[in-house]
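To begin, one chain is listed below as structure tokens, in the form predicted on its own.
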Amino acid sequence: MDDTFFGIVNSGLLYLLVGIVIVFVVLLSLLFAKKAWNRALELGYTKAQLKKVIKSTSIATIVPSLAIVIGLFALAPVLGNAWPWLRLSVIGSVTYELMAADMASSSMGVALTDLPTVGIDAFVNIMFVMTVGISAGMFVLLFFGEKIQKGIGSMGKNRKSFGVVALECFMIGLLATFLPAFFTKGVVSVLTFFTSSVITITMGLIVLKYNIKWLKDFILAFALIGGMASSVLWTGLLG
């Protein structure tokens, strides 16, 4: 067995364990899709209508996944193929996984790109951070998801209520939590962040002004691609 860093993170055993989880999730998804199909037929929908829904939702699902593929390309060179494949296929978020991996490596005093030189212990620590952090939300939703959804829905009905302000404050607080991670890594990181922000805001304004609803699905992908491309530009100009 190859006991080097990449030999372990790309080992057959890890691929097998990851594959088992992904196959289970796929089978579970197919089961629920089958139940949803049968229930829709019971409610009176025709097969033609359901096929039209499947076609439109498939397109809406594939387009945002471009950002996930980009995230996979970003993580694979330092974390191997198997682990990012699992994290971005099942419960992970592309923005969360990239940031969690980077923050975990920084806490160990090493850049994410230098992780292979540290050893497999650092990889295990990153696996732990990436898994435990986001799993908390899964358990919260399992027990309190319905109550939270109803509460947020009732708050948003009245535009004059404090609920609207509370939701906006939540998003601002979320943004403020992630901002320090960008602003403490140097000028290139800050400029990359602002470049991605400009791309996101610009595309959002285009969607609103010209009512191009399909463009919303591309915003995250373009922001990631533009941000990555700009990081190369800023590094070349300032490096």
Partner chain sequence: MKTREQFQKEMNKLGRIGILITLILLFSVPLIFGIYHNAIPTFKDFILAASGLLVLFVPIAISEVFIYTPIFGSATYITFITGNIMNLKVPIAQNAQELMETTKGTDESDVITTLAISVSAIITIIFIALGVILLVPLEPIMTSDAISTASSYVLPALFGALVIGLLKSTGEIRVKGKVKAGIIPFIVLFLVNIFVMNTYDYSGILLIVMIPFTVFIAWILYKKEKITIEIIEKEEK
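Just so it is clear, the structure is predicted and the values come from calculations on it, not from any experiment. Heads up, when I say rigid core I mean the largest set of C-alphas that superpose within 1.5 Å between the two forms. Residue numbers count along the first chain shown, from 1.
One more form of this protein should be noted, the form predicted together with its partner chain, which is absent from this view; the next part is about it.
Mapping the unseen interface onto this chain, K35 counts among the residues with a heavy atom inside 4.5 Å of its partner chain in the predicted bound form. The closest heavy atom approach of P116 to its partner chain in the predicted bound form falls outside 4.5 Å.
Taking non-hydrogen atoms only, V78 never approaches its partner chain to within 4.5 angstroms in the predicted bound form. Among residues of the shown chain, N211 is not one whose heavy atoms approach its partner chain to within 4.5 Å in the predicted bound form. In the predicted bound form, I120, D121, F123, V124, N125, M127, F128, V129, T131, V132, G133, S135, A136, G137, M138, F139 are the residues of 113-139 with at least one heavy atom within 4.5 Å of its partner chain, listed from first to last.
With the core held fixed between the shown form and the other one, S231 has its Cα displaced by at least 2 Å.
Annotation: Cα of L17 displaced by less than 2 Å between the shown form and the other one, core superposition. Core-superposed comparison between the shown form and the other one: CA of G119 displaced by less than 2 Å. Here's the thing about L215 and V53: their CA atoms end up at least 3 Å closer in the predicted bound form than they are in this form. In the predicted bound form, the Cα atoms of K52 and L215 sit 3 Å or more nearer to each other than they do here.
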